[in-house]
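Next comes just one chain, in structure tokens: the form predicted alone.
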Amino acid sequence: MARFYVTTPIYYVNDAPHIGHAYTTVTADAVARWHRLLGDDVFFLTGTDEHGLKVARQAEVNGLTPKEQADSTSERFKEAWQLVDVAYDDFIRTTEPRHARAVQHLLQRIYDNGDIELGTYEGPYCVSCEAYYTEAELVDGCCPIHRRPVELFKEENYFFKLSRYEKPLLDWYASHPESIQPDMRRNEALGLVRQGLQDISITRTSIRWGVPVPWDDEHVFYVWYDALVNYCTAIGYGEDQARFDAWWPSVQHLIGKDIVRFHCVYWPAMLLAAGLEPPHRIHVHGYLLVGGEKMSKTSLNQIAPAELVNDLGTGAFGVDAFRHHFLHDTPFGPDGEFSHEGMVNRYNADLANNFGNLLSRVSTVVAKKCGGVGPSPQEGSPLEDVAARAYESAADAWRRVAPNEALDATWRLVRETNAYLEANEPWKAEPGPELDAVMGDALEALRIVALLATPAMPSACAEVWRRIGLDGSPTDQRLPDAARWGGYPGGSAVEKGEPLFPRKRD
């Protein structure tokens, strides 16, 4: 059995979850669901990043201790992921004792190997990024990502000797050309290394809200070098070597482009310094923009998932439509632009007019002309090749973490099946073998669509499965066998229910 270990970034607890967080997390969830359908042994990790100056300052603003701030906001992330049907296997918090032990174990190994040394750092620092910048990297004296003024910090720190890892990193990229996707992000990481790497500060003395440094109790680890280790903590690093060894080779990180430097340069170098392999795959996506801008507290453009799922005055989309929109409308890689109008258009085009309409047409004709009992599909149906191509394209796209392409392939089968019905007009036909063949084909196409779309819309696809008279749910099936033509058994009661996706007005 193949293993598939997928992670999201862990999210800072200085602020509430928004649809940018949800985009990454729902993508990871959908990819994990696809691999479960394949029968893989899947482990899906998400969680919250709870240390650092940013969290400590936000807690002070809110009149809370840092731990109270972390407890409250971490729970909000769990509630958000429950709302949008995210089925993670582990939710890690960096304030957990297991994580502190893993961080100390990994960084102690690097220290013992001679790659961490004491020094003094002075330079520009962005609290929002929790990152140091060089003067050359600033834009008009501001952080290049948050466009906020930086602060000048000077303190005694321990430094990771990143400068020693230029060649090892370049060798790793060369021997693992697919390790960072898409290629433009791999090239970005290569560019950062080829510009020359400076040693990086990994501890603080000016703050106590962090994981203590085991060899010097005056220091705590700088938040990034605590946070990155979460991917190892969750699979037993430092405590269950066999479990770690089994899962680490299959790890695939999903991250946003703003943290490429940390995940694609610093993190692989740290792992090499600790005697570990860098991540198997790092998939990088762009920003989810609102009004052309990245979501942020300062821009006041953040949208909570509940605003779209549950509705605050414009007509609830529901969980499955929410998930489908972000997976189908926003390619994983470049920046994407969110608008309410775009969400309504995608909902009506894909769900109301195509998928929902297909289910309604089929169930109505079966009720009127087949006695409510679904016929079997025919061998050699014109839809058989269409369905086979849809599966092949969707499987390849899910493997590459390209959900929009996987759903494009799935919806081609939906559209072709609707066109097949238009060409044969079963609603005008008399009961008999020809009608049964057309309706059996359409039911089989619906069965396959329900399978292929399940990672994006688990609840809606389970309902389609039930309405066409099948036992269990799509998640009980195993691909690729379950997607082969001819699986609809015939003789099952088909239910004509309320519209699955009623049309919406903008």
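Quick note: we count residues from 1 along the sequence shown, nothing fancier. From a predicted model like this one, the values you see are computed outputs, not experimental measurements.
Heads up, the form predicted together with a small molecule isn't pictured, but that's what we're talking about next.
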{"query": "Among the candidates 278, 182, 286, 238, the residue which, in the predicted complex, approaches the small molecule to within 4.5 Å (heavy atoms)", "finding": "286"}
{"query": "Single option in 110, 127, 228, 84 placed near the small molecule in the predicted complex, where near means a heavy atom within 4.5 Å", "finding": "228"}
{"query": "Partner-proximal stretch of 259-267, 321-329, 347-355, 160-168 relative to the small molecule in the predicted complex, 4.5 angstroms, heavy atom", "finding": "259-267"}
{"query": "Heavy atom distance at most 4.5 Å to the small molecule in the predicted complex, all of 9, 21 and 224", "finding": "yes"}
{"query": "Any non-hydrogen atom of residue 294 within 4.5 angstroms of the small molecule in the predicted complex", "finding": "yes"}
{"query": "Contact flag, residue 193 vs the small molecule in the predicted complex, heavy atom cut 4.5 Å", "finding": "no"}
{"query": "Close approach of residue 145 to the small molecule in the predicted complex, 4.5 Å, heavy atom", "finding": "no"}
{"query": "In the predicted complex, residue 441 touching the small molecule (heavy atom, 4.5 Å)", "finding": "no"}
